[in-house]
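Read the single chain below, which is given as structure tokens and is the form predicted alone.
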């Protein structure tokens, strides 16, 4: 029981880590708290389901189509909605508040469209659900693939951000947007790229989760809150912290569900959020480089 719980927790945590990295990028680089982040994920989950059921396209191939689309759509959202807010905020620090209000409205627009198109029922599709033996525990193949994709995408992105000039520019804007122009970095362009990259990761997370979990048009806010909890746990803008915190949250939720009560998983998540916010508001890894 303990080993199987650990395996399932790591699989879930890997998906959570991938999800949280996108929100961490959007807030850490673009200074935009995107409350519609979970809705982007749910849109991607429904798109993957449609491509699988209607066109017979594997979600693994759907990633190749949907992730670039997520980048392009997020880039467009930044241009249309966020850029005017950035220009208006200047150096007053209003951007965080204005972005929360704007994306809060976007949340309900997207959710309403999804409810009209798909209704409020839970949806899923059957993709590689056969069991595979892992250390004596039967784990569905789709969960293992989802975990592998999360590690591959999350780890690859972390390496790209820490070992490339492109990643250096993103990190420079995240650490000191006021000083970045002094070394020739165009902050608005980098912020737009960071927001678009976060949207692409949200799409990837939505497709990965759809492989093995049910979802509905109203679940986006839950994933937004979980991503926010992980970002706070790991330290805002700290991608490695988000990876570790995502794994921890997946383990905590799974252990609470198995050993205490499945109905208390959300309570445990938000309780953990409050404890960390009060005890260490900079996050567990907020001081890490």
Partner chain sequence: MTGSLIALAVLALVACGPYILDAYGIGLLIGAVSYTILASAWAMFSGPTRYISLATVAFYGTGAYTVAVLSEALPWPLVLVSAAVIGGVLALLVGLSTLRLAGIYFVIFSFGLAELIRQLITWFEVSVSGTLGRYIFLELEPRHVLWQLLALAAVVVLITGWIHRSRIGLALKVIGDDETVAAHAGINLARTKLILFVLSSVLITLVGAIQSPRWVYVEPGIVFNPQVSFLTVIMALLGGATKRWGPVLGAVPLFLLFEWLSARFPDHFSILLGLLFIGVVFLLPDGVLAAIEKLRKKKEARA
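Positions refer to the first chain, counted from 1. Only a predicted model underlies this, so the values are computations on that prediction, with no experimental measurement involved.
Unshown form predicted together with its partner chain; subsequent notes refer to it.
Residue contact with its partner chain in the predicted complex: residue 67 places no heavy atom within 4.5 Å of it. Taking non-hydrogen atoms only, residue 88 approaches its partner chain to within 4.5 angstroms in the predicted complex. For residue 46, no non-hydrogen atom is located within 4.5 Å of its partner chain in the predicted complex, even though that partner is not displayed. In the predicted complex, none of the heavy atoms of residue 52 sits within 4.5 Å of a heavy atom of its partner chain.
The single contact residue among 187, 153, 196, 107, judged by any heavy atom lying within 4.5 Å of its partner chain in the predicted complex, is 107.
Heavy atoms of every residue among 100, 264 and 267 are located within 4.5 Å of its partner chain in the predicted complex.
You can rule out all but one of 31-39, 237-245, 251-259, 55-63: in the predicted complex, only 31-39 has residues with a heavy atom within 4.5 Å of its partner chain.
Along 5-29, a non-hydrogen atom within 4.5 Å of its partner chain in the predicted complex is carried only by 27.
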